[in-house]
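One chain follows as structure tokens, the form predicted on its own.
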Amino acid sequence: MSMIASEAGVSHGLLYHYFKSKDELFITLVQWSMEEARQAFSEIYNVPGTPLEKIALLTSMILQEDDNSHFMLIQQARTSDGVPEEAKRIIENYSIHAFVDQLMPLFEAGQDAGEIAAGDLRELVACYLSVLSGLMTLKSQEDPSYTPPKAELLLRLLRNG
């Protein structure tokens, strides 16, 4: 907690005023991250542009380093050992299936517009999210020699033709 307080620029006592333990802080951050991710997936529908442009924006948001903390925290919580049980339950409540369901209409619109490759929508969205998940896992290992691919490369996998 001392390291967290120092990094956040707050006193140790102030941090303990709001959170009784590191687990409580982590659980709160996981809940916040899940809500932020769900909101980002929802708000992408309100952005002007074609379905592929919206998917490109979402992909960039998830992969960019300076504003993807909630996506990275979710990924860490999904894949790490020692995650508090309550945080695991939160993640289970926001299963990957919920994110697939949330994106299916966008991918369907992309298929209807001829922008997105034909095929089973659920499988296509699940594949897209799996690739993003893998990229975030690699990125989280902080290997300075690893450079994640640009969003445009991932979009090539989705494009029709």
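Note that the structure is predicted; figures quoted are calculated from it, not measured. Note that the rigid core is defined as the largest set of C-alphas that superpose within 1.5 Å between two forms. Numbering starts at 1 and runs along the sequence shown.
The form predicted in complex with the DNA is left out here; the points below concern that form.
Any chance Val10 has a heavy atom within 4.5 Å of the DNA in the model of the complex?
Val10: contacts the DNA in the model of the complex.
Consider Leu138 of the chain shown here, and say whether it contacts the DNA in the model of the complex, taking contact as heavy atoms within 4.5 Å.
Result no; Leu138 lies far from the DNA in the model of the complex.
Please check if Leu157 has a heavy atom lying within 4.5 Å of any heavy atom of the DNA in the model of the complex.
It does not: once the DNA is placed as it appears in the model of the complex, Leu157 has no heavy atom within 4.5 Å of it.
Could you confirm whether Lys150 comes within 4.5 Å of the DNA in the model of the complex, counting heavy atoms only?
Result no; Lys150 lies far from the DNA in the model of the complex.
Answer yes or no: in the model of the complex, does the DNA come within 4.5 Å of a heavy atom in every one of Ala37, Ile44 and Lys54?
No: none of Ala37, Ile44 and Lys54 comes within 4.5 Å of the DNA in the model of the complex.
Displaced residue check between this form and the one not shown: Phe99, CA, 2 Å or over, core reference
Not so; Phe99 is displaced by less than 2 Å.
Has the Cα of Phe26 moved 2 Å or more between this form and the one not shown, judged after a core fit?
Yes, because once the rigid core is superposed, the C-alpha of Phe26 moves 2 Å or more between this form and the one not shown.
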